[in-house]
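Okay, here we've got a single chain as structure tokens, the form predicted on its own, with questions on binding and movement later.
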């Protein structure tokens, strides 16, 4: 089923996984993770791949496993980046053969060690969306609660978000954020811009202080001082630190649901145990309101 059709009927719960680096052994491990995620009744699972197109082939294989073996809708990431039209056509053909109906269309981030020109044919996500518009997929777009790092202002980023909707995006999934006020501001300003599509908040439980620099570099997410200090205090106790990180994510989710978010998308870092701990704390909420 197309995800935009699900969103017309109910709130969605979803998870994101990424392809492993270790061949078949890694695939078996991620398949096992996906099997465990089924227990939490997600409406869909999205599957990304590495910067510059790394793991692109296993992306399709994992999306097919989600859709055809486990019986959950799959949201396959597809990046323009260095891809040619032939590259995209090949992936689209495989996705169609595997009965995948939903694509998150992205430009993709340039790898640090990528020396060649990164964006050739598809310089922006909208270029990829225009190319895919007649391919009979439901397209999703990414958005940024604190604004894209390459935009000078949030308004400039919102213009691009509106262009994505006009190019065919039926719903949006946000990058990671740790201050819900940024999400509410994004939704408010997007509606003022005339953007009507659902904007699903993306939550990544922060369970290690080592992740702070990478999160800031990856998506520019700021981390509230009180939470950052808490992580620093308990950095030498991994179990306690994970507990605080999960509890903070639960707080974010409860607040988002209470204020009308159309769904929750969890970046779980391929750890079904993280999804389980969050789901167990919110099982009654999910069963009543999703």
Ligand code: FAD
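These numbers were taken from a predicted model, which means no experiment stands behind them. Positions refer to the first chain, counted from 1.
One more form of this protein should be noted, the form predicted in complex with flavin-adenine dinucleotide (FAD), which is absent from this view; the next part is about it.
- Looking at 181 to 189, 98 to 106, 131 to 139, 84 to 92, the stretch with residues near flavin-adenine dinucleotide (FAD) in the predicted complex, meaning non-hydrogen atoms within 4.5 angstroms, turns out to be 98 to 106.
- This chain is displayed alone, yet in the predicted complex one of 31, 49, 227, 40 has a heavy atom within 4.5 Å of flavin-adenine dinucleotide (FAD); that residue is 49.
- Taking the partner from elsewhere, residue 197 is found to have every heavy atom lying beyond 4.5 Å of flavin-adenine dinucleotide (FAD) in the predicted complex.
- Residue contact check for residue 211: none of its heavy atoms lie within 4.5 Å of flavin-adenine dinucleotide (FAD) in the predicted complex.
- Contact between residue 162 and flavin-adenine dinucleotide (FAD) in the predicted complex is not found at the 4.5 Å heavy atom cutoff.
- Contact between residue 125 and flavin-adenine dinucleotide (FAD) in the predicted complex is found at the 4.5 Å heavy atom cutoff.
- Heavy atoms of every residue among 144, 148 and 157 are located within 4.5 Å of flavin-adenine dinucleotide (FAD) in the predicted complex.
- Contacts between 168 to 202 and flavin-adenine dinucleotide (FAD), taken as any heavy atom within 4.5 Å in the predicted complex, involve 173, 174, 175.
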